[in-house]
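Next up: a single chain in structure tokens, the form predicted on its own.
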Amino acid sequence: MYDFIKNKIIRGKTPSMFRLPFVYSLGKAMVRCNLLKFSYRSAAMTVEYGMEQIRRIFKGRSPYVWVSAFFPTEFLHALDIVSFSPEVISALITSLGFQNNFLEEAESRWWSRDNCSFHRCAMGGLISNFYPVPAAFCASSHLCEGGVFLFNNLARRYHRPFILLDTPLDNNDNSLLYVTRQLQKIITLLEGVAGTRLRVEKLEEAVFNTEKTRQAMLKVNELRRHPYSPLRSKDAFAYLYLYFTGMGSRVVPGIYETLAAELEKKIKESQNSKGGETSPRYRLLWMHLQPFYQNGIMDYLEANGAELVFEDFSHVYWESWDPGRPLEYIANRMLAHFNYGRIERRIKVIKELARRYNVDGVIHFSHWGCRQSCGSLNIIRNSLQEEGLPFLVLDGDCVDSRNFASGQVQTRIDGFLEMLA
């Protein structure tokens, strides 16, 4: 069924059928009836959750907004506003194979190929009228200036509100107060989008859901340390959608709790089976995102005895806070991201993850256009070398396959694995 839909879209040069809410109702039914197969029930739940959100967007009865990565979606869930992540939808479109339609559309409007392909793909979809125009564009200054510029550009183009959370680089009491005051103003702006007032108990519930999600994610990450854990980075990336848009949802804690239960069961089954699982020759840590078109990187690594046992995007970076003080909880979460601020924060977390997951080396996929992630690689390499950790940088693109050279990547991987040996 998946191949039929994919081929139909590509052959027709247009994904117009995906504008129909019926498609997502049908997709949810197929997931529930097990007609679409998944390795984990939690992955099926994630797909079902995503289909429901997209169905609501195309149905047009609920307000929806674009959100950049790490924007506090607790407010949106509390106000029943549907959140739409352009990065995630670009990844989905790329996995289906029709991203070039949208990339070319953006480039024809003078959106340079030097810009992030996630954003070019999302912009191409909007200006070609594939997505309905959102009620607002909500961005956080976390990590990605490109997303802020894109949202501001589109907000002016479509005469929609541009809501920006300016997150300071330093995490201190003054920063906490500064962010908290901004959150109060953002609530007022989002109330205008929703056409209703935000009830305190709804916001407290959303923040409590985030804390439940955090606890379940920590349990999943602890289980992934087990030598018999079957969850590898290739499958774990499927849950990033929840990370970007699901904080505050009442559904998402249950998805991670289900994943934790599934991992526990699979680990016990492997322990009880005769001989158990064979340990990989090399255990690796993956940094940043993966290419979402067919690329073969992870399969090639596994075929050569190397497994990606963890990825830095799945790291739970914020500490517990009182959900009864929702604005302070959200503000602390905004300020805590390890990839934001001084490079020492990122290096510290990389070293901690390398120790926790007992890895033999680290791979960084340098997505073209993602300058804040790639600009500090020499500093990271030098720091990891002091720890005796081999470090490989793979240059490429997560969405635009024109910026990916398969042969060169395999050659780099071969040399890296020889060094590990």
Partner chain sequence: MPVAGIDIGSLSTEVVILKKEEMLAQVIIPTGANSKLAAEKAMKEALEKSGLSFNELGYIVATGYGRVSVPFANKKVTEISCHGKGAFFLHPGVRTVIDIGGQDSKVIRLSPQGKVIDFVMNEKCAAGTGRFLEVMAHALETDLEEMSRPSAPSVKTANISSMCTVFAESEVVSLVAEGHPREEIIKGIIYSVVERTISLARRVGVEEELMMTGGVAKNIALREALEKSLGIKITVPDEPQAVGALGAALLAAEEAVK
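Computed from a prediction, not measured in an experiment: that's the story for all the values here. Residue numbers count along the first chain shown, from 1.
What comes next is about the form predicted together with the partner chain, which is not displayed.
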query	finding
Location of the partner chain contact in the model of the complex, chosen stretch of 390-398, 357-365, 66-74, 48-56 [non-hydrogen atom, 4.5 Å]	390-398
Touches the partner chain in the model of the complex: S25 (any heavy atom, 4.5 Å)	no
is_contact(A405, the partner chain) in the model of the complex, heavy atom dist at most 4.5 Å	yes
Contact flag, Q385 vs the partner chain in the model of the complex, heavy atom cut 4.5 Å	yes
Residues from 395-421 in contact with the partner chain (non-hydrogen atom within 4.5 Å) in the model of the complex	D395, N403, A405, Q408, Q410, T411, R412, D414, G415, F416, E418, M419, A421
